[in-house]
Ligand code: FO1
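Next up is one chain by itself, shown in structure tokens, the form predicted on its own.
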Amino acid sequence: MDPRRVITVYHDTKKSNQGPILYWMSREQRTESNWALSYAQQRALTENQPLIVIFVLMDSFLHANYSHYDFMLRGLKEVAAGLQKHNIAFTLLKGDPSKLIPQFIRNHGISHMVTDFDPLRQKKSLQQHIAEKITVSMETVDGHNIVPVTTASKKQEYGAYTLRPKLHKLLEEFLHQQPKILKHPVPFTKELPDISWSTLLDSLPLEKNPYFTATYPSGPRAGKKQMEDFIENRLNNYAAHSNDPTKEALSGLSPYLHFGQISSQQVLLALEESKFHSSATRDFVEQIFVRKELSDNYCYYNINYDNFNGFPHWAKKSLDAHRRDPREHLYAYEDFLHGNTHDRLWNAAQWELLTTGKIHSYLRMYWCKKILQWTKSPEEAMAFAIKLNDSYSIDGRDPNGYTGIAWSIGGLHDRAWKEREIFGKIRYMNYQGAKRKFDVLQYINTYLKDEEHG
């Protein structure tokens, strides 16, 4: 593995202790195309040691609900079975990782730990806290980005136009098939806690979304099948129809990418092997490669990625100048939650979110900008949009989500536009613009079945 994928090193990695190698799986929940797992196995093979994979299930994380945990646990069950076939031990523990992982390291004589890179402050803080409690070496590996985040850039980038050339310059260097996970020759012979998959989900204190009706297949196999279906049946229409929510043109890969059940590297390699030429794939590659890695760049280098202070200076100045502008409509969080606004298009987007766990990518921008228009301040708009997205979107709690919301409300990775009330110089979107893009009434009628909702 390219050493540049190691983002953070805690303690002395050169010291060779005798004992199993531990991979704390978190962001990358798969066996195939998982750089951190490959790196951990290579170290275990070199030192002739067993390899253990651990996942720590927290009771709560950033507004995640029952549906999110259900999707994740169904995927993890498949991962556990795959690791077992490779003679790699796996266990899942419930509770606080900052307590359980140091305890696990002590109890099982772990000599070295590898874990997943994550740009979110909660994960970075958790890793730092764990590192302070252990004495063995620990490394974080970027298995999420095709080009490791700190190799692509050493700073927060202004926008896609500044990061894009850096990424494409390095793409050929980093986009290659990685070695497959081997059947591990050194078994871990001690007993690990049993996993009660059938009762695990209901043992957690999770809120259920009463409106959610979708059931998405979960796991690495499902993610790969979704990818293959997109490439075969929808990729050719992506450029023409990706902004039309009445058309089936999007990849549907966001939940699988968010939970790490598939990697963007796998997707780009599959695109290279497909029959489609670059003209058909260019727009999609921009999203899954440039924009996705731009999101990690923003969240990694800007600690305020989820609040007003993270916005660019020009946007903060412009929004400040319009704080006292009159709002024709003001809604409380509960109004937004239940889709009780005067705008039937917005309500339909909210009900798409509640019932399917997704909002079409074009409408998510509209949805978010209207929250800015109908709240008391940019801070309140940001808080409402993040809570709604993290609570009800199947791919919530993700750098892509925080970056998209900051783009919509705070002009992140964008430029100044014509000045307007409330928005200042932030890019504006309205109902008439949506009508020019797609059949608005068809979309509304899909998600607003009766007058009760809208």
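Counting begins at 1, following the sequence as shown. Everything numeric in this text was worked out from a predicted model, so none of it was measured.
Omitted here: the form predicted in complex with the named molecule. The next part is about that form.
- Listed stretches are 182-190, 135-143, 306-314, 112-120; the contact stretch with the named molecule in the predicted bound form is 112-120, by a heavy atom cutoff of 4.5 Å.
- Contact annotation: of the candidates 427, 420, 387, 397, the single residue with a non-hydrogen atom within 4.5 angstroms of the named molecule in the predicted bound form is 397.
- When the named molecule is considered in the predicted bound form, only one residue from 300, 351, 104, 259 comes within 4.5 Å through any heavy atom, namely 259.
- In the predicted bound form, no heavy atom of residue 52 sits within 4.5 Å of the named molecule.
- In the predicted bound form, no heavy atom of residue 45 sits within 4.5 Å of the named molecule.
- The shortest heavy atom separation between residue 412 and the named molecule in the predicted bound form exceeds 4.5 Å.
- In the predicted bound form, none of the heavy atoms of residue 319 sits within 4.5 Å of a heavy atom of the named molecule.
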